[in-house]
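First, one chain by itself: the form predicted on its own, in structure tokens.
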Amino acid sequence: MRTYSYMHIGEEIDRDAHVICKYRVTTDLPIEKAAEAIAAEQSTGTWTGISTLDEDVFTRYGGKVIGIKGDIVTIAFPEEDFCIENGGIPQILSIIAGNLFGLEALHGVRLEDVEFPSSIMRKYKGPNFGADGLRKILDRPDKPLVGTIVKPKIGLSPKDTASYVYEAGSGGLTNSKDDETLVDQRFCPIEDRTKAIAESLDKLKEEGHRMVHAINVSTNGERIVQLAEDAQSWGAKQIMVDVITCGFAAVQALAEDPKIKVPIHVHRTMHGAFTKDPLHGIAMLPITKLVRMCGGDALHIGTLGAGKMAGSVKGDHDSLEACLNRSFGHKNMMPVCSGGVYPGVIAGMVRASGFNVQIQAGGGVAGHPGGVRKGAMGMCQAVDAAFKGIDAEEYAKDHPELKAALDKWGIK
């Protein structure tokens, strides 16, 4: 039985006929052997030579190791390995992020990046609204969007949740959202909550302020589209889905449902199980690209070094670029910075991100000494100062809500 080499370093390949993946590999083997093991496991190989593998099958469908630089291995998988019509993201992931994580020869392996050929990209419609569409809805063409997460995370009634949203909007916020843990608990039924929040948003609009709130519709696969349609009928201006727990296919199903006419806010809860270990798992960058392909309009990407969540600053920047890159082939996607955000981190965050970003604060609004409305005002003032290029402490001299926030939490 013949064995075949998966090494193709230096050879020219048609990048528009392959899915190109970069992996960070930790192994005691020579890196070339580890790279071949990944290419084989994820395409035509198995643990031993087999009689059913012939030259044509290997050449046409085998993965190709096309680059090795340090501990980064680049592998090209032929487009034909992918079930473009019916397999979707689940089948794509089974190849680019499948059994390789369990290979005994590897101490660690991390999918760092992926590039798709146009033939695959065309099968995904991408965002319906994206960052530009959200800005149009909110009539906010230039400044960063600024939002909140209703706090406490769970426990409030529909009435109290709606009151929180109204106070936040009255303080100037453009966005708010359910927490990722809240969907349809008995203490806050989704229908009652959505209708109550819709009334608050309508009241704000009558008062001259535009705001959207993302209702979390994360649920079982067979129910999520119907629940989203129901939420929209109850007055939802935006829906939210937890992509890791519900799956990329859930985002795609919502984005491609012709009855859903509102933006999709995508949360990444549980991503740390894949992204936190720098040597094993999946980086946030491939997740970002897949969410944009599937139709997410906004996605949490981290805080660019600020906030409470551990993460790579470079990784956050890579995801930011993947959200906004105009050459991607789909509408852009609004990057959302959240997790321990408060007014004192805004200046540094905006310097790192630029203005095309949505800044989301929960405790940084609800924890303000003056309450939710003044907490919202403090956040908006911090964003205004950053947008104008004015030092936050200087701006706070004429803005007591910002000063109170800086006095409580300081500046990072």
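The structure presented is a predicted model; accordingly, all values stated were derived computationally and were not measured. Residue indices: 1-based, along the sequence shown.
What follows is about the form predicted together with a small molecule, which we do not show.
Heavy atom within 4.5 Å of the small molecule in the predicted complex: which of His213, Arg193, Arg292, His267?
-> It is His267 that has a heavy atom within 4.5 Å of the partner.
Of the options Glu112, Glu167, Glu180, Asp81, which one has a non-hydrogen atom that comes within 4.5 Å of the small molecule in the predicted complex?
-> In short, Glu180.
In the predicted complex, Lys153 touching the small molecule (heavy atom, 4.5 Å) | Although the small molecule is absent here, Lys153 would touch it in the predicted complex, with heavy atoms inside 4.5 Å.
The small molecule contact at Asn332 in the predicted complex, heavy atom, 4.5 Å | Taking the distances in the predicted complex, the answer for Asn332 is no, it never comes within 4.5 Å of the small molecule.
Wondering, does Gly370 line up within 4.5 Å of the small molecule in the predicted complex on heavy atoms?
-> Gly370: no contact with the small molecule in the predicted complex.
Interface membership of Gln238, the small molecule in the predicted complex, 4.5 Å heavy atom rule | No, Gln238 sits far enough from the small molecule in the predicted complex that none of its heavy atoms falls within 4.5 Å.
Pick from 332-340, 103-111, 90-98, 72-80: which stretch has a heavy atom within 4.5 Å of the small molecule in the predicted complex?
-> Of the stretches listed, the one contacting the partner is 332-340.
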